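A single chain, nothing else alongside it, follows as structure tokens in the form predicted on its own.
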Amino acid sequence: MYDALFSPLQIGNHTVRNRFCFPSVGLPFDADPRTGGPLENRLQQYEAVAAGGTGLIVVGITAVQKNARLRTGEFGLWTDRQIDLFRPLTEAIHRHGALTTVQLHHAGARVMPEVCRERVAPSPIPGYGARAMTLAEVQRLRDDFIAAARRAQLAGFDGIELHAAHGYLLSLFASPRYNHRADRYGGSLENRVRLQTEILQGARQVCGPDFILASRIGGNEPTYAEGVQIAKLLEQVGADYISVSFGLDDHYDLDTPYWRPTPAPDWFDGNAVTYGASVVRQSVRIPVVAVRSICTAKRGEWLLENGHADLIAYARPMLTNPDFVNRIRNGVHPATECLNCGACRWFTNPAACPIERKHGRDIYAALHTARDGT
């Protein structure tokens, strides 16, 4: 049962054991604000998801500059001193047979004031107090992304995933609504995506052919047609997979509190974000990750069998039940206890999650004890 979900997949020079992906979920308590390294409870959680059978785990969000963090508790790989902080995390994930990439990130105009009072963007965004980056700053940021990719490799990650969706900095560069530059990083779509393509090309040069390079894009940046063009440009410069989420379109911008997009076509068993993955999937040869409210094995299997995606990202099901994959494999019902709350409480206070309360706050304690041998 669920043969497609449990089939292996080739990503670059690596084989993922199945089609289950735990996507990047940036939580307020990811990292020690002083160091940018993962806190113990997050390390335990990622290890639990790996032990639970997941094929690909995307760790993130992870800042490439100290002042690029969304919040003070964000992971960071902006200095060589952080390399050793991530080795226990990658070793724990690999110990259980999963592959892991890390999602590299710059929050752009979304940087919180407690991180940095000066916000930057491709062009000025007065309502957010964001100024335009100089050409030298853009090129320095490109180099910082590449340096962070090399640190990720040294820390034991199998690859990187650029966060170029959700209105963060790389998404702002790709968007004609927010990028009005007159230099080589503005104007045409190719120019607006140039920062991403140069990062991937530079990372390939320093990290070699076996390191996975990927990007999470907006499938609608601002339209599905441009999402497809972006994916093709990334494929041309050597991206190994594309993760498709949402970008900045007529229904979502930096001032929208919650995205309510135009529905997907009636025949499609999913929402507009998942449909964006399907559209991209028909146009590229590299694997595509689908995400957004895909909470059941049945829906994931349907997406795979019908050629709408190659990997299925399950965030909420794995937050509530890190052994989600093994529960499906073993026929446990329900595979996830997630109640699909309107706003996921894990993202603000996991202790408020009904399932977390049910199991007790430290649902990873047993795994932690087993790893330490105490």
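Here the rigid core means the biggest group of C-alpha atoms that line up within 1.5 Å when the two forms are laid on top of each other. Numbers follow the displayed sequence, beginning with 1. Only a predicted model underlies this, so the values are computations on that prediction, with no experimental measurement involved.
Note that the form predicted together with a small molecule isn't included here; everything after this is about it.
Contact between Phe347 and the small molecule in the predicted bound form is found at the 4.5 Å heavy atom cutoff. Although the partner is absent here, His163 is a contact residue: one of its heavy atoms lies within 4.5 angstroms of the small molecule in the predicted bound form. Proximity of Leu27 to the small molecule in the predicted bound form: non-hydrogen atoms within 4.5 Å are present. Although the partner is absent here, Ser293 is a contact residue: one of its heavy atoms lies within 4.5 angstroms of the small molecule in the predicted bound form. This chain is drawn without the small molecule; in the predicted bound form, the residue among Ala313, Ala31, Val64, Ile57 with a heavy atom within 4.5 Å of it is Ala313.
Annotation: in the predicted bound form, residues Pro23, Gln103 and Pro317 each come within 4.5 Å of the small molecule through at least one heavy atom.
Residue heavy atoms within 4.5 Å of the small molecule in the predicted bound form occur in exactly one stretch of 338 to 346, 47 to 55, 31 to 39, 302 to 310, and that stretch is 338 to 346. Comparing the forms between the shown form and the other one on their rigid core, the Cα displacement of Thr336 reaches 2 Å or more.
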